[in-house]
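Coming up is one lone chain in structure tokens, specifically the form predicted alone.
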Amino acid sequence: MSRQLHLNAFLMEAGHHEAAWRLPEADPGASFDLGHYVRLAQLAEAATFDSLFLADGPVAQGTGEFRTPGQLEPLTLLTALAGVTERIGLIATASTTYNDPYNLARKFASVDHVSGGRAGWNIVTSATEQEAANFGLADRPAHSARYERAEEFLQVALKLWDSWSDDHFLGDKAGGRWGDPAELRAIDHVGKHFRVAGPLNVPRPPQGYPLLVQAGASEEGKAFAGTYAEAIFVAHQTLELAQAFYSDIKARAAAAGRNPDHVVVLPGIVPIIGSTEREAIALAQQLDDLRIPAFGLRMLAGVLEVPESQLELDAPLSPAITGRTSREGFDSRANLIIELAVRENLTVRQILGRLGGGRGHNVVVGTPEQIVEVIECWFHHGGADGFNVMGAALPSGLETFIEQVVPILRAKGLFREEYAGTTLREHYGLPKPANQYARVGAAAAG
């Protein structure tokens, strides 16, 4: 079979456009409505998407005046969605900075069992000062320190998932032996950030490990992704930037001794679709007209880490902003915005218009055929293994993509007609990881 696309449905309340909740047909309370997410999950599964994804951060976003300040806790929501779906993968965001390895490893193992092997973990390090304040810290940890902790956190989680052998369970009623104690091991981890005895109190996940997903594009983020990530969510505005990132990540994976084909790169795409190009442009304009500039300005100032007073709506970004080389927070996203602004000589007002549809992800406005042309170009020219599909408005944006774009992709042989496997790893063409403790034990016994 020829190489095929991977499609992930990125679910975001009433939609990814910041004003989607204001559309006449939208539900302003969708962020906290289980039925809304059930409908989206079942739509994506009926279309044989590889997975769905929930973003998260342990902080209220803004004041709640112009857009919902939060969302349901994603692992809880995924557990509910596991019960109303059968095949689609279920990916949740969770922070290594504001969690404990034992509890989080247990939660993801539990979701993987409940779902029959469909769990994925989007690993984030959390970037904002507000998040730090919610956990009793005077300031957020430095960017490099967050990634250092993340690496040890993940190592502990992997050890905990491997602390149960796949052969531990016996179920021997006659002999009275539920399991084999030789196949259940303490991990006795002692490191800079964590001391964890183990073993986990949940059996090894059906997939071995949940799918490991990463979304950081800073230097530390790319180093982490090249070593550990199995799927990468990323934002790019041009094919050239996507190609550079794609080749860099694949090279990093190879340098780490990994199979580059086992790292699936999924740029975000925000498709705004019309039966004609004019209709698509009108829909994009309808959404743009509903934006609240004050909201966009506040979000932009937060990402760039500058006071709002330094952003003049009808002027370009100042040299003090464009010349800054690093930030402790959203460094890669800030650099993406600056690169876009400088490349196209945009004013702040124009930047806000470009970001309103997808926070820096690629917004593509056009007919179904034009959307497919972009997808096919990036896929065939070294920019993507698939896409993180981000409906500008939900559910309508996802429905239109499924009804009008997916059939064209299938006709071209680019996307599956039906699921071939049952687990998330199988959807992404990834093997089940070997139990690292089992290999060490076997070597020691030899």
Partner chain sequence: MPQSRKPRTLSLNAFLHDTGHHEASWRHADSSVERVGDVTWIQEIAKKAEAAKLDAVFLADSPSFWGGGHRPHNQFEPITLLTALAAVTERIGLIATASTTFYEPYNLARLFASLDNISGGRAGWNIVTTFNEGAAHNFGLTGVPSNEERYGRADEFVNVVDRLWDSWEDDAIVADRASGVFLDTDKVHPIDHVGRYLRVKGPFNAPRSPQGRPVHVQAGSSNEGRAFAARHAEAIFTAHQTLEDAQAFYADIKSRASQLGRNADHVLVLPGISPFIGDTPAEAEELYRHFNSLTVPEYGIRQLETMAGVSLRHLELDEAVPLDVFGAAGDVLNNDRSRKQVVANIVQRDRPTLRELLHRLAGGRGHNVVHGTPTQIADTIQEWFEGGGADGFNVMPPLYPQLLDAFTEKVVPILQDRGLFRTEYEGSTLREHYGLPRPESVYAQREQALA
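Nothing here was measured: the structure is a model prediction, and the numbers come from that model. Positions refer to the first chain, counted from 1.
From this point on, the text means the form predicted in complex with the partner chain, which you will not see here.
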Contact with the partner chain in the model of the complex, heavy atom within 4.5 Å, among Val363, Leu287, Leu352, Leu77 goes to Leu77
The single option of Pro307, Pro319, Gly175, Gly257 touching the partner chain in the model of the complex, heavy atom within 4.5 Å:
Gly175
Heavy atoms within 4.5 Å of the partner chain in the model of the complex: does Arg22 have any?
yes
Does the partner chain come within 4.5 Å of any heavy atom of Arg195 in the model of the complex?
yes
4.5 Å heavy atom contact, Leu200 to the partner chain in the model of the complex
yes
Against the partner chain in the model of the complex, would Gly191 count as a contact residue? Criterion: heavy atoms within 4.5 Å.
no
Counting only non-hydrogen atoms, choose the one of 352-360, 176-184, 269-277, 308-316 that falls within 4.5 Å of the partner chain in the model of the complex.
176-184
Select from 406-421 the residues with a non-hydrogen atom within 4.5 Å of the partner chain in the model of the complex and write them out in sequence order.
none
